[in-house]
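This document starts with one chain, in the form predicted on its own, laid out as structure tokens.
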């Protein structure tokens, strides 16, 4: 029964919380639960989506391919987030790709369940608009960061973001391990530059590393760097 939408605690994190019990039962009857392995795509940029994905577990990177063939990661989507909502409502192809950065469990909700509820339930419509507005605000912040902060500041900020949002493991490393390429794609720089700056941070005692794993040693100094001190 736990996987039924009306009993699922995950919906409290997204627009599904505004659905009535009857609407949730209808969604439950039509949804499909899927397992997405690390590295697999939920959808690719340019796909036409027939529904949305509600994240039950795991993390996905949402990225856009630039003209020079480099990915720009615009967001890391976690438990409770609904992916593909904007594309389905606007009836447009997706402008982002969603790739699992760790194993995921998602519920695929067919398009009709979303569009029918939008037409009948104004509270749900308002919730969807709120979430879209929040996504736009996050996208604005990414644009301002890339244009106004140095690569070092952006990498320091990325490490602090990963710690604050995903925590640390028992050894004191960031719980979410991103490849050096993914880190460079988050901050919008060349992979070689990211590797060089990570090495510099390590020499200065700001972080410690073990293989791909990165841990924060001096949070205060990283915060000062982000603030421009």
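Everything quoted here is computed from the prediction, not taken from an experiment. Residue numbers count along the first chain shown, from 1.
Not on display, but discussed next: the form predicted together with another copy of the chain.
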### Summary
another copy of the chain in the predicted bound form has a heavy atom of only one listed residue within 4.5 Å, and of 158, 128, 100, 109 that residue is 128
### Task
Report the stretch among 164 to 172, 61 to 69, 32 to 40, 194 to 202 that approaches another copy of the chain in the predicted bound form to within 4.5 Å, counting heavy atoms only.
61 to 69
### Query
in the predicted bound form, does residue 135 have a heavy atom within 4.5 Å of another copy of the chain?
yes
### Task
Classify residue 95 as contacting or not contacting another copy of the chain in the predicted bound form by the rule of any non-hydrogen atom within 4.5 angstroms, answering yes or no.
yes
### Query
According to a 4.5 angstroms non-hydrogen atom cut-off, is residue 151 in contact with another copy of the chain in the predicted bound form?
no
### Query
Applying a 4.5 Å heavy atom distance criterion, does residue 86 contact another copy of the chain in the predicted bound form?
yes
### Query
Does every residue of 74, 91 and 141 put a non-hydrogen atom within 4.5 angstroms of another copy of the chain in the predicted bound form?
yes
### Task
Scan 153 to 187 and note down the residues that get a heavy atom within 4.5 Å of another copy of the chain in the predicted bound form; none is a fine answer too.
none
